[in-house]
Ligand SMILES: NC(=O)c1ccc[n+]([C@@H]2O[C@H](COP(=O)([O-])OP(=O)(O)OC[C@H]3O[C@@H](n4cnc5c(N)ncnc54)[C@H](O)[C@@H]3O)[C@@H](O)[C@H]2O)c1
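The chain below stands alone and is given in structure tokens; this is the form predicted on its own.
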Amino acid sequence: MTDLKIAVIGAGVIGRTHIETLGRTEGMRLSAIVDPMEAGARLAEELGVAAFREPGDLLEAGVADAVVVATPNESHVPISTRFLDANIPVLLEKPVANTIEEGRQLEEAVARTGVPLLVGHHRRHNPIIKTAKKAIDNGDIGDLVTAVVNSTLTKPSDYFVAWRIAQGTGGPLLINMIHEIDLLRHMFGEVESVQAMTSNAKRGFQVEDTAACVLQFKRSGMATMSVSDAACGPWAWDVSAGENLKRFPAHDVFVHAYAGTRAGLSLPDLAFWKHPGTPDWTVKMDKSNLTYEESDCYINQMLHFGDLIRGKAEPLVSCRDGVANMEVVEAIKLSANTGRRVLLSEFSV
């Protein structure tokens, strides 16, 4: 089978993650890097691939079967739409757009062209998540009742470049918690309402540094989430799951806890807690750990993208998923600003 030629647009931190991943993914290869900075051109030269400064130059060259878009948020929709219109599949980093309205425009482009677009919520491709999802879908923990999700990320001062502290692009809700929202929607289904509070008291930026919220789901169940990029602690997926050990350590803690009518399940340790008989809080629960086969979630995501390109699959994380995650983030912000419970139906078109 001929290798698929993949170009990466944007050679920042996440773009370089995709570039490195392509070097380890069977059946796919990096064909070009698109970046306006000299560093992008130097990296392309080191790797022996074509270098372009603009997406249009890549299109004219015709050296890509598909593209990864890892550029600043405000460019996601115009760049992705341009390649969809050219019949070139897209793996688009989150968030899919700068605004919900722009995200819906991208949804329309996907529907109009029929060209695959995969959103880069890479955690769904993690075998830990796949194992947990299977256990939940099989009813192993009974009906999902509640979940608790924590994300404490101590970010150094040099992390906070302009876009990371600007409204609409920055803040841990949009940068970090959107991944947790995607996983909760994956496990529980669509969100019905949110109640939230946010604060910027620790860092003093125009965006939040800390947030807490309650999500209520349409199907049933509720979840609480907290996030802070100003608090010390290992209780975050990024620094516990071991997905990217070149960038983050992996602490031996759990950060997600799912509770059902029959059992409980924590992540990323996949600890499974169940009473030996009828559930009863006065009886000690038995603990076991669900087993899984280890694999790299970024490679899994890229292989899935290859299946989309070849027409063998549907997106595990669709453009609709990406926009729905943005809608939940906006609902959280609205709830925090108004002090009221916000229905997701308020964002319906």
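Residue indices: 1-based, along the sequence shown. A quick note: this is a predicted structure, and the numbers were derived from the prediction, not measured.
The next section is about a form of this same protein that is not shown, the form predicted together with this ligand.
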Discussion item. Looking at 274, 164, 82, 186 here, can you tell me which has any non-hydrogen atom within 4.5 angstroms of this ligand in the model of the complex?
Written reply: 164
Worksheet item: Between the options 198, 73, 195, 266, which residue brings a heavy atom to within 4.5 Å of this ligand in the model of the complex?
Response: 73
Worksheet item: Among 134 to 142, 198 to 206, 227 to 235, 93 to 101, which stretch sits within 4.5 Å of this ligand in the model of the complex, heavy atoms only?
Response: 93 to 101
Practice prompt. Answer for residue 23 alone: is it within 4.5 Å of this ligand in the model of the complex, judged on heavy atom distances?
Written response: no
Fill in: residue 120 within 4.5 Å of this ligand in the model of the complex, heavy atoms
yes
Item to complete: Considering only heavy atoms, tell me if residue 19 and this ligand come within 4.5 Å of each other in the model of the complex.
Response: no
Discussion item. Contact with this ligand in the model of the complex for residue 331, defined as at least one heavy atom pair within 4.5 Å: yes or no?
Written reply: no
Fill in: Neighbours of this ligand in the model of the complex among 23 to 59 [non-hydrogen atom within 4.5 angstroms]
34, 35, 36, 37, 55
